[in-house]
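Heads up, the chain below is alone and in the form predicted alone; it's given as structure tokens.
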């Protein structure tokens, strides 16, 4: 069971894992995860490769179905086979390692598409919203460009704008800078910093330790499919309690 820090003001969790299990065949990926994420909280999920970090994220928007326990997202229990999964996906933006932009559409068209198709808003309203979001991520001058004409960092910022176009309550980031050249990483992290400062609820899997220390309200350390340590960035980075966490940090921080 995870070690949970006290949550302020008695707020209801926006996301709650209750003894959640996930299997891939014989592999037991998540092993009884218990965790709460509050509205407006920025969670960074750390751990070694294969420990279940990305699976935990993908379960939140039902890209992966849980095999046991309860996962409650904005009041909907994804452990219920009758859960309104489309509503959760509509309120949950996800940014992956790869940008997954439509190559035949312009940057602005990529951002406009989902609000028009899913939310049913007009083309003019979608265009106005798209331009505002491109400005928010610092790439409004590329509105008429195509993805192939952009750098990796620019494409990832378009992917973030596309997710924001659905007005999500939750943003999930699965190693969003891992496919980028080093000089492109900062521009994407700057956009994510802005979202955190604006109060967006965020769960982030990343290997950017300085960024994690700066923006997270709380760090979760996962090993072997379990959250074995949870605390503020200062607590985790300066005084980790678990030997496995100490070993992880000793290896990753020396690089």
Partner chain sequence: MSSTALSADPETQLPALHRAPVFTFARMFNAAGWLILGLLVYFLIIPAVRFGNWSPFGALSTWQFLWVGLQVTLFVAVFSVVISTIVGFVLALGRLSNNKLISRLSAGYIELMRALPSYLIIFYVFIVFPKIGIKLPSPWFAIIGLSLYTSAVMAEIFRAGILSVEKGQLEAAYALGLKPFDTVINIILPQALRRMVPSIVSQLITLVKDTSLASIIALQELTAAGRQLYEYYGQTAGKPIVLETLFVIASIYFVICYILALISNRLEIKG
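Residue numbers count along the first chain shown, from 1. Keep in mind it's a predicted model, so treat the numbers as computed, not measured.
This next part talks about the form predicted together with its partner chain, which is not shown.
- The chain is drawn here without its partner chain; in the model of the complex, the stretch among 97-105, 175-183, 67-75, 128-136 whose residues come within 4.5 Å of it by any heavy atom is 97-105.
- Within 4.5 Å of any heavy atom of its partner chain in the model of the complex lies no heavy atom of residue 79.
- In the model of the complex, at least one heavy atom of residue 117 sits within 4.5 Å of its partner chain.
- By the criterion of a heavy atom within 4.5 Å, residue 157 is excluded from the residues contacting its partner chain in the model of the complex.
- Although the partner is absent here, residue 213 sits far enough away that none of its heavy atoms falls within 4.5 Å of its partner chain in the model of the complex.
- Shown without its partner, this chain lists 83, 121, 113, 143 as candidates; in the model of the complex, only 113 has a non-hydrogen atom within 4.5 angstroms of its partner chain.
- For the candidate set 28, 58, 193, 207, a heavy atom within 4.5 Å of its partner chain in the model of the complex is found for exactly one residue, namely 58.
- No residue in the set 14, 37 and 231 has a non-hydrogen atom no more than 4.5 Å from its partner chain in the model of the complex.
- Residues of 138-170 lying near its partner chain in the model of the complex, listed in sequence order, are 162, 163, 166, the criterion being any heavy atom within 4.5 Å.
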